[in-house]
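This document starts with one chain, in the form predicted on its own, laid out as structure tokens.
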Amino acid sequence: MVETLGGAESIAPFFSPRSVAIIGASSKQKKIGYVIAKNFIESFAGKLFLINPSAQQILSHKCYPNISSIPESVDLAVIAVPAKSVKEVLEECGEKGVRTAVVISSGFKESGKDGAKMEEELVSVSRKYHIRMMGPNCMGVFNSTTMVDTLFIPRYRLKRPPQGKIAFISQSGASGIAFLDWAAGERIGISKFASYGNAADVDEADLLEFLATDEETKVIAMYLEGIKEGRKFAKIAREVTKEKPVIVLKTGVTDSGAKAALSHTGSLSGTDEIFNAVVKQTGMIRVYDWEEMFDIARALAYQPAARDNRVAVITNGGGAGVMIADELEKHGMALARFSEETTSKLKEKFPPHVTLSNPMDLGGDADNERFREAIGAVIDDDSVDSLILTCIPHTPAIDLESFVDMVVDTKGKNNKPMIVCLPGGRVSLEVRELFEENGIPTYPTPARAALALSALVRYGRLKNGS
């Protein structure tokens, strides 16, 4: 039996195919095959072939009775037919010379013994013909650049995120949908998404290895229920984290969760102690909910890693500064001790009520210029590795229209990470969005800001070998 192709090059056609065949395309709007066909017709720039033996056209697009009747080569087949028909369809793809296949269809390992046997047959076919297969029982892939989009949720119900630097791998389709919906709502850009389902062939390690070489991806985030091949995964993760941060959200850590994972994707989930050991050995960053994943991913995608753990805090609200200090210590960071040069320089410019220690409290009457002077001096201080700017934007002295531009300009080209904390509701939200658009991750609470910065410190230490 011929073994399947390995390495990143075998995964690339899933995300950047020149030609795609939708097998099971449908003219009925509520069918999966209709949604997938519509996605590709609307935005895919490559060659597209729809396969339905009972239709002449779908959405004004020509249909073919089967893949063998297509007169050109096909890089990617998207299979959305009943489970009992998938094997035959995959055989036809192999005879056609198709390189990759996404099997959307469910009813395999996750459904019990009979389904597991059918899944084994699919693996045999994929190996026989050298086809890399994603799934079965999956959402497939989305590429924000090529607009390959096999997600069977209509775009009016699930907006696709804009282009960005974060890639997301999800064993669960539903969790993948939640991630994409949240990213789109928060206007967080992603590079690539993959929901690989039962991982009969392509698994989390394969995707991780591919994304390590992907120039459009700076951060890799993963949702896992179980790991197919532990040693393979750990080996690849250890190498990937040397080049890019990897964030992982692992479920199925309790007895109840493990049983749920088994019935969901047929995944066997190991003990939490073992997984924590893998995380530590490989340098991945573990998170425990969606909010943590997003907060950390944004920081790692748009800010440089921290040189060390010495943090400067600048604020116009003393209470917020104290809260930040508490959170920093919880995460193993320390308040930087400003140099005498920094404090002397600012003492000459600021009124007596400004606190020049760390956290630096600029006072409730602080205007844009006072913030500018403080940020510029602190970020150039060699005793400072990173900065958290905590601003109460509601005070009348702050000129909101120019505040964000001032902060971005003041930070300049200094290669130290900056995180912004803007507590509050409507006004703060509007300013937070402007900071995000300028590549500065911004959070509504001190706890979330400190957590995000801690990831930059941890990744900096990993890269520095400390």
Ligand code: ACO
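The structure displayed is predicted, hence computed values, not measured ones. So that there is no doubt, residue numbering starts at 1 and follows the sequence shown.
Just so it is clear, the following notes concern the form predicted together with acetyl coenzyme *A (ACO), a form of the same protein that is not shown.
Note on the partner interface in the predicted complex: the residue among W182, F152, F233, F350 having a heavy atom within 4.5 angstroms of acetyl coenzyme *A (ACO) is F152. When acetyl coenzyme *A (ACO) is considered in the predicted complex, only one residue from I166, L328, V202, A80 comes within 4.5 Å through any heavy atom, namely A80. Per the 4.5 Å heavy atom criterion, acetyl coenzyme *A (ACO) in the predicted complex is contacted by stretch 29-37, the sole one of 29-37, 437-445, 397-405, 410-418. In the predicted complex, at least one heavy atom of Q171 sits within 4.5 Å of acetyl coenzyme *A (ACO).
Contact check for G424: no non-hydrogen atom falls within 4.5 Å of acetyl coenzyme *A (ACO) in the predicted complex. Acetyl coenzyme *A (ACO) in the predicted complex comes within 4.5 Å of a heavy atom belonging to C138. Acetyl coenzyme *A (ACO) is not drawn, but in the predicted complex it has a heavy atom within 4.5 Å of I23. Looking at 34-61, the residues that come within 4.5 Å of acetyl coenzyme *A (ACO) in the predicted complex, counting any heavy atom, are I51, N52, P53.
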